[in-house]
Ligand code: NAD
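Quick setup: one chain, the form predicted on its own, written in structure tokens, and binding and motion questions come after.
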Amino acid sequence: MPDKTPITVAHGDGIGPEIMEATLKVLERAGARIAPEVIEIGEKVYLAGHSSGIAPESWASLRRTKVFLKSPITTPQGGGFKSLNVTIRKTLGLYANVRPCVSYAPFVATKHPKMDLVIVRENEEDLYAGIEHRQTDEVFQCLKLITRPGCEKIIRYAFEYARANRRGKVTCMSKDNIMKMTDGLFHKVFDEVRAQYPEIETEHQIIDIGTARLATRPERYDVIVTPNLYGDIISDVAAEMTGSVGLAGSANIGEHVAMFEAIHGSAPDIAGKGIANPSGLLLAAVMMLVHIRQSDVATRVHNAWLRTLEDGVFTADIQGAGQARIGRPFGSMDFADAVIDRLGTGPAKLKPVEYADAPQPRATPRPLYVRQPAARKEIVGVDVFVHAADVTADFLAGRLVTLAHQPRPAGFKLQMITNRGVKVWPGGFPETFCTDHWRCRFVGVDAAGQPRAVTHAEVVDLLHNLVSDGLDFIKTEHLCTFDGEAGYALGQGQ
């Protein structure tokens, strides 16, 4: 018999232990060649003093096995507790979140019986970097970070996934009509990468209309690739459209480690009742089996699960679907036993699955991303964010214009002031509501008033002038050019 593949298993909180027990029982009876190592994560670990929800010794198992089958956890209420999922994804570089969303009509009621799509969500950056600050009495900030390597990795993965799984179309969704630099980079990299996959149909959509079309015409989509926050939202929308979030599993793929989990939460309200649906975790385990090159077992389990649905065996969460049922709703272990009873069979009406092992790494693999040569970078100005209450933009500008020319006669020019991104000076409107948080844009100028590059030391001098005059600056952002191209956005209304 082939050697068993070590995997790390966490039973989690709430319904987690019940659905994990059911899932592992199915895998064992199906002949999965795995050797589970159990670790503790979640609520107990949080309350034991580990703010991330995972103890240091558990990392050793994850790094050794490189495969993690995880039940949902409960994060305690209150501040100070970090998301365990985000911690694991970012720490282990799990850059791709893969969520298949499939309808099982007519056996699970849905308004979208032809739905069969996969959402590939960037998993490490965007607003989920979790870099937040309170800057003034009225204003809080969360930084949206989008990187070129992050874009290249997730977009290339989406195309490689489509190619490996014989899917013919990849749709990119972003909001680059508003966030022209961050989401604009995501769209730009998509256009660069798609040229290398000419056999795959491609399109780009703005996320809002894309979400609307997904909710009404999901059959038009095949693979969707999108940044982190958008992907988190639309994957839950799509999973619910199939008939139940409880049916959806997901994979978190990295260059070194992979994690597999159901997309739903720990559902503490039904914990211990034995009625939870193990399907999401079981289908995540199917994805895990493909990943560890046990596609024969993955095919066997998935087809038995499909036959179980066809035979009217359902858990309570989808009992209202209007299809024929076998007696009372099945509990977690009863449902697992029903799947086990059907191992070796397949669906009669639903489309059977046939998995192939995940491709072996190529001898000369195509890199997930290629770092670009460093650009020629120049500082041409600085945005200074100021905390000032009960002032007008004109009053603030009057102080700043004077300060911009000290200590030397010509150094900076105050170009504009914005409030919440809207230009309020010069030429602001009295109707514009302003908070106590002002972005003051200074650009470098020479003695003739012409644009010029500035130095870090000159920026420090400018800040010294502001502080000496009693202004409270919160943060700064350098205005830079990269090979002569502006690396900053204009203000709204500029």
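Just so it is clear, the structure is predicted and the values come from calculations on it, not from any experiment. Counting begins at 1, following the sequence as shown.
The form predicted in complex with nicotinamide-adenine-dinucleotide is left out here; the points below concern that form.
Participant: Hey, of 296 to 304, 382 to 390, 262 to 270, 180 to 188, which bit sits against nicotinamide-adenine-dinucleotide in the predicted bound form at 4.5 Å between non-hydrogen atoms?
Facilitator: The contacting stretch here is 262 to 270.
Participant: In the predicted bound form, is there a heavy atom of nicotinamide-adenine-dinucleotide that lies within 4.5 Å of any heavy atom of Met288, even though the partner is absent here?
Facilitator: Contact with nicotinamide-adenine-dinucleotide, no.
Participant: Decide whether Ala276 counts as a contact residue for nicotinamide-adenine-dinucleotide in the predicted bound form under a heavy atom distance cut-off of 4.5 Å.
Facilitator: Residue-level check for Ala276: yes, a contact with nicotinamide-adenine-dinucleotide.
Participant: Just to confirm, Ile15 within 4.5 Å of nicotinamide-adenine-dinucleotide in the predicted bound form by heavy atoms?
Facilitator: Within the cut-off, so yes.
Participant: Can you work out whether Glu125 and nicotinamide-adenine-dinucleotide are in contact in the predicted bound form, taking contact to mean some heavy atom pair no more than 4.5 Å apart?
Facilitator: Outside the cut-off, so no.
Participant: Within 4.5 Å, heavy atoms only, which of Thr202, Thr74, Thr308, Ser103 is in contact with nicotinamide-adenine-dinucleotide in the predicted bound form?
Facilitator: It is Thr74 that has a heavy atom within 4.5 Å of the partner.
Participant: Considering Asn85, Thr171, Gln415, Thr242, which brings a non-hydrogen atom within 4.5 Å of nicotinamide-adenine-dinucleotide in the predicted bound form?
Facilitator: Of the candidates Asn85, Thr171, Gln415, Thr242, Asn85 is the one lying within 4.5 Å of nicotinamide-adenine-dinucleotide in the predicted bound form.
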